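First, one chain by itself: the form predicted alone, in structure tokens.
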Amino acid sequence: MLVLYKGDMMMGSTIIVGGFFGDEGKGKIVAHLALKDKPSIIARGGVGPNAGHTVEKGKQKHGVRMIPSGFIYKDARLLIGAGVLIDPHVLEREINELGVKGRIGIDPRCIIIEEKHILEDRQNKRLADKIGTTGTGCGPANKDRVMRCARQAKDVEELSAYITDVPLEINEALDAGQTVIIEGTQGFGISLFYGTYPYVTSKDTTASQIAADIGIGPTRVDDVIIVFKAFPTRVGAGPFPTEMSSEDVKRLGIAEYGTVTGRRRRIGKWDGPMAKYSAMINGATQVALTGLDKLDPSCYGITDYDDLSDTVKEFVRNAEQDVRVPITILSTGPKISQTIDLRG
């Protein structure tokens, strides 16, 4: 039986992370939470510009790689934590396109992706062909971070206007009783620590790492929302136990492409054991479930739980039994408005 979460709306700090291999729809969920809960700060942790989040509102569609997906809520301060790699060119382009120049803050300790990192990423045949990296320079930049020879954001003149102490801003906001959303990138299945190594990204992607990325301790995390997709997807190489055949995918009419690379995503069936393990390691307190309209097209755009089909309701109940965490947000389409929020 579906457990409806009847707690208060989000307060304090909430981390949003991906539960499968990325592309779960975190950008849409963050944007929904931002508009609904009106945080004072939305901060981004994670790897860097190798992760793209898509936000659709009305007729507008945005693919962001550096700016937090909650930028759509115009009263929020937008921060990028020290754990995130910065590509100054990508960042500046997004700041200008989205018109967020007066709202963005970057920690001085962020590591800079340089042209040499992108070149190394693309010329390394093992990374490009076997692992299937995005070629954005993140792995080589993180390597230089570990070798203590990387440049930091504080060393780049064109970023000086954005430099701020991100942990200080966030912790002071929490001390003042304000709401903070913390956005992770990638997914559990490609965590450097817990994913399908070596077919993984260049750092951990779990909620604990995301908290460290933006500079809050574990006692300051109030909620962890883990995002799962009804049909998990994966871009690039690596194990995918529930992957469907191309014939099954075609029959279901599902075709998806990566936000950053444009590569076609591999499609799989729901993976209950992985979802359960992912929820455990991330310390999930709530679950957002996306792609329900792909499970049953008749549910596309529905915003009331009672109007969902019996097929989808049964899927949600079974998924909740797998993860053992309340499923509080249901997505029935790509637009922010196509959301069912059961948090009360």
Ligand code: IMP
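Because the structure is a prediction, the values reported are computed rather than measured. Numbers follow the displayed sequence, beginning with 1.
Beyond what is shown, the protein has a form predicted together with the named molecule; the following relates to that form.
This chain is displayed alone, yet in the model of the complex one of Ala212, Ile131, Ile118, Ile163 has a heavy atom within 4.5 Å of the named molecule; that residue is Ile131. Within 4.5 Å of the named molecule in the model of the complex, a heavy atom is found for none of Phe188, Ala275 and Ala288. In the model of the complex, the named molecule sits within 4.5 Å of a heavy atom of Thr201.
A residue is said to contact a partner when one of its heavy atoms sits within 4.5 Å of a partner heavy atom; Val235 meets this definition for the named molecule in the model of the complex. Among heavy atoms of Gly52, some come within 4.5 Å of the named molecule in the model of the complex.
Proximity to the named molecule in the model of the complex, taken as heavy atoms within 4.5 Å, picks out 22 to 30 from the listed stretches 275 to 283, 35 to 43, 22 to 30, 312 to 320.
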